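Both blocks below hold the same protein chain, though in two forms, and each is given as structure tokens: structure 1 and structure 2.
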Structure 1
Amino acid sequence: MKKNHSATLTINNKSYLLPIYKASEGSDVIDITKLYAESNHFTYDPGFTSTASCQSNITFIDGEKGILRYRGYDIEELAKKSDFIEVTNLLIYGDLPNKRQLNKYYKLISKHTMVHEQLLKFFNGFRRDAHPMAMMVGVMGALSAFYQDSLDINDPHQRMTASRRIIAKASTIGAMAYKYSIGQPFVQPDNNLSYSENFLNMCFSVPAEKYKISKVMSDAMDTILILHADHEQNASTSTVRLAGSSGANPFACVAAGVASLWGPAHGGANQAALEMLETIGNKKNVPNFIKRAKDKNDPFRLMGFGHRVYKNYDPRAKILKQTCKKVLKHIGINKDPVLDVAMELEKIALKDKYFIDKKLYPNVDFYSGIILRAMGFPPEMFTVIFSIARSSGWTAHWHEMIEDPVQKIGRPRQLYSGNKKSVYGKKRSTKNTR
């Protein structure tokens, strides 16, 4: 880290000099690592919204300008020119591979698409109506019991092998969770197909008839996977890093990330956005729901608008808007009522003073749910697909965290507001009125 200048913090008339480190792009950071030792004070930052937890070279976001880059490459360019495996290679290794390197990486990933036969029995222990994410969490964590030759986090070769297994098997496990939930037999991976084609085939093919893989659909899936591959230090990525900081094995760390992603405020937002659009039902109902959204006393909330980081149009939403139109045209839905509602909401949001003042622009969840529904996925699978995509970013961050010489075990502190020292037995003689 390059020291730029310093900040002075004064507490009770005593000043403390805090180094400021310059970012290659974006916000600089104030180093407070020695603040507690020197001043006996912690900083207070619920949600860590003003805290940089690490130094990273992977993803850059400028929320004000609506910029998202992986390793310096604009997301728009990657979505147009790359596929998911090439982007995964970029995230993990640091730059785009040449043709020979990419072909080798395809083979290294496809080598691990199958799962251990005993893992198939895990699914029989789940209820058929269990959420696919519950299966995803359990089976991903269970990989550590079957692939013990890639658990040594101090061995670079084992670390890379574990990462490839996680990325390759994530789509297989996700497809198995889907098949189990609808009562269909599992479909084995086909290494002659691309990553996206293989996932669609495992989800939608059946033994009774051949499944024709549409290029429009596989391209759309590739786009969704690329756009969701990484997003800086979000809740699930931070969870993976925090779990990894303890020395936990990579399968356990990624399972923790899956669990974090499951939350409706994180990975479950695209499901919530689609359910909201279906609740509105028709674009003629949009004005009434807009009115309800503005009413502080009404519990209704517009999902798919605004973002914790972006204060401009989410660049991923722009890409998915076009993808959404292609997919709906391909399957013959020229006038989809849900898309009509989405378009009407977007038009109002970009002009309405309420949305503009609050910077509530459509985000990636706004369109991804519509696309996935058009592909044939139920809402319960949306977050599973998100987790398959994010396996790429999670493993990249896990590698970076392991190799960071200044990384320590995560140990946030707190502002204690409980009782002071209590004396045991002092109140035991009084009558308990509870």
Structure 2
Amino acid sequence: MKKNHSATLTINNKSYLLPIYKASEGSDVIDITKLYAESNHFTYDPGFTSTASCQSNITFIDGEKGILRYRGYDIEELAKKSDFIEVTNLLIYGDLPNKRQLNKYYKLISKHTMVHEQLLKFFNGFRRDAHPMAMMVGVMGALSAFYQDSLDINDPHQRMTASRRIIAKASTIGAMAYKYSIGQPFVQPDNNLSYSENFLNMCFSVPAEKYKISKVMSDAMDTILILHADHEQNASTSTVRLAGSSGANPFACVAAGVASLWGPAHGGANQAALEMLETIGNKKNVPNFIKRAKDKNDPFRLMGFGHRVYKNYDPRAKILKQTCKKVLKHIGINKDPVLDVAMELEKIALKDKYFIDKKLYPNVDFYSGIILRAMGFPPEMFTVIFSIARSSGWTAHWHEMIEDPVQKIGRPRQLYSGNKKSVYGKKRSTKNTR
């Protein structure tokens, strides 16, 4: 890391020199690794709003300017010119592959699209109405029971094999979760299809009739996968890194990432956003919901709005808004009440002082649900699709974390505010909180 200059922290008239390292883009960092040892003080930052957990070369976000780049390439360019497997290769290896490397990578990934036959038994253990994310978490974690030849995290070849298995099988498992939830037979992967075509085919084809893959739909699916592939140190990626820092196997780490992504404040927001739009139901109800979103006493929030980093429009939402219109036009929906509600919500919110002051803009989850619903997916499948895409970012960060010479087990400290030493049986000064 390039040392820039230093910061001085003074505590009780004692000064501590903290090195500052220069970022290639974005904010520099103040190195506090020695602060506790020298000052007996921790830093305090719930939610890590001002804390860099690691050094990374993978993704850069500028929240003020609404910039998102994977390995230096703007997301707008990648969404237009690349495809999900090429973007996955870029995230993991660090630069765009040439034609030969890309063809080889397609073959390497497609070699792993099938799952062990015994994994099918896992699905039979779920209720049919289980949330598909429950199946995703369970089956992704269970992969570590079937692929013992790629669990040694100190062997680069095994690490690469494990990541290819995760990326290839994520879509097969996601499609199986969908088929299981609607009581239809599983559809085997078809390696003659692209990654996105294969996923749509595994979800929507049935033995009774051939499924005709539409290019508009498979292109839209590929765009969704590219846009959701990575996003710096978000909650689920940080979960994968933290789990990986203990030496846990990659399948278990990615299962932990799936679990974290499921939350409605994170990847679960696309399902919550569509359900919110459907609850609003009509443009004329929008002002009332905006009023509720601003009311401190009302827990209601505009799902699909706001972001920890973007204090400007999420560049992914801009791209998805265009994709949304293309998909709806393709299926002949000129008037979609839910899209009308979304556009009205966006129009009013972007003019409203509360949202402007708090810099709340539509995020990636605001439009993705409308597109996925138009494709025929139920809301419960939206976060599954997000987790399939993010499997490439999670594995890229997992590799980077393992190869980082300074990485060690993640173990944050705390500000302890609990009881002081107490004697068993003696009345305590603090009141019993039970």
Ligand code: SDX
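Remember, it's a predicted structure, so these values are computed and weren't measured experimentally. Sequence positions of structure 1, starting at 1, serve as the residue numbers. Rigid core: the largest C-alpha set superposing within 1.5 Å between the two forms.
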Mind telling me which structure is the form predicted together with ligand SDX? 2
Superposing on the rigid core, is the Cα displacement of L350 between structure 1 and structure 2 2 Å or more? yes
